[in-house]
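Take a look at this single chain in structure tokens; it is the form predicted on its own.
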Amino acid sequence: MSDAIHVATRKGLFLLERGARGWAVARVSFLGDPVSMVLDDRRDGTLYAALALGHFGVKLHRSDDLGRSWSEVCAPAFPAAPEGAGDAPTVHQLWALAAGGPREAGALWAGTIPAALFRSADRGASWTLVRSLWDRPERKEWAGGGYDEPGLHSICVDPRDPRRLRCAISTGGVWASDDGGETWTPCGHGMYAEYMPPERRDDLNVQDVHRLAQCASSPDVLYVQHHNGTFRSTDGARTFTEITAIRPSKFGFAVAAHPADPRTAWFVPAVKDERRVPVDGRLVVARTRDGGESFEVLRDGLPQEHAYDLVYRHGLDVSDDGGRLVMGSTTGGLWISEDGGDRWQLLAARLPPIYQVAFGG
């Protein structure tokens, strides 16, 4: 069970460690800078931190000593446009970082805003745009969800075969590759977009997937928090079945899948779209243990009066053994559960707005 938590925030990267007196902030890196994403690469212990600096753009840093020191490495960037074709797109934010397979030393994947996928084979020293996805004609219809431009925010690498990738885009649906990114297929039949005209309701390319989470021990099981509902797949994202039992609402951003139990997952419901706050000002976590047939609403230790904490799509994580959960909010609240969500403990109340939480190795 991990005794380290990385917290990427609007004003720095925080490391919390569990010691004899409980959890405490052990280190702060990049204080004052927006850290959009962090990756703790379990294969070799390397940390990666993505910064979204206003005037200076996107930066990527790497640490080989658990964050005591950092060195800047290459950040994903679009290749120059052909002469006469105008300016090349600009990467505005790294929105997903994922390690390659266990036997792919140094291989990394990155998702960005605008929605694109990049691959590095050398621990971030260089990056290559995955043109097979970028050049798909469907990309012209992708649209911004929470941002003005579409973004690729979820990258699921199949532990059985790292060539099997599943990526999710807001707004652009779920895309599958079974050959390491050489070719791509839109998938996700069964999801629907109630905000679209009836004739495009079931169009795979317009689905606003907020987050895609994969069960590590059963990689064909994936959960989706969608703009207008929650869904579950048991066939590697080819098809999804809507989960209707969730409460107190079906809207939200975050979802975490139990790494060993494909029937268990956690969501953080909120008031839909227009307000984006917890239902009735009460922060809760919804847990299913039967594949979405039923849900428990978990609230012990979470604020139940005038709580306006929104949990972003990367603001919920589960430990590798499934025993611990950590959750961070837009108002700087950070909570941990040591028993699968039954009870929660406040670790910090006034951190900067939290973009991502991740257990360390």
Partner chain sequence: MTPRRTVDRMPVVTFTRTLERHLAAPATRVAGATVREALDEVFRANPRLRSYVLDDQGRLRKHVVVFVDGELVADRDRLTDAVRPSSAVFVMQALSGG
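Quick caveat, the model's predicted, so the values are computed rather than measured. Residue numbers count along the first chain shown, from 1.
Omitted from view is the form predicted together with its partner chain, to which the following refers.
Q: Please tell me whether any heavy atom belonging to Gly146 falls inside 4.5 Å of a heavy atom of its partner chain, as the geometry stands in the predicted complex.
A: No.
Q: Even though its partner chain is not shown here, does Pro79 get within 4.5 Å of it in the predicted complex, heavy atoms only?
A: Yes - in the predicted complex, heavy atoms of Pro79 and its partner chain come within 4.5 Å of each other.
Q: Any of the heavy atoms of Gly57 lying within 4.5 Å of its partner chain in the predicted complex?
A: Yes - in the predicted complex, heavy atoms of Gly57 and its partner chain come within 4.5 Å of each other.
Q: When the contact criterion is heavy atoms within 4.5 Å, does Leu53 count as touching its partner chain in the predicted complex?
A: Yes - in the predicted complex, heavy atoms of Leu53 and its partner chain come within 4.5 Å of each other.
Q: Among 38 to 46, 332 to 340, 298 to 306, 57 to 65, which stretch has residues whose heavy atoms lie within 4.5 Å of its partner chain in the predicted complex?
A: Careful reading of the contacts points to 57 to 65.
Q: So its partner chain isn't shown here. In the predicted complex, which residue out of Thr185, Ser217, Thr241, Thr90 has a non-hydrogen atom within 4.5 Å of it?
A: Selected option: Thr90.
Q: Which residue among Asp179, Glu72, Asp273, Asp135 has a heavy atom within 4.5 angstroms of its partner chain in the predicted complex?
A: It is Glu72 that has a heavy atom within 4.5 Å of the partner.
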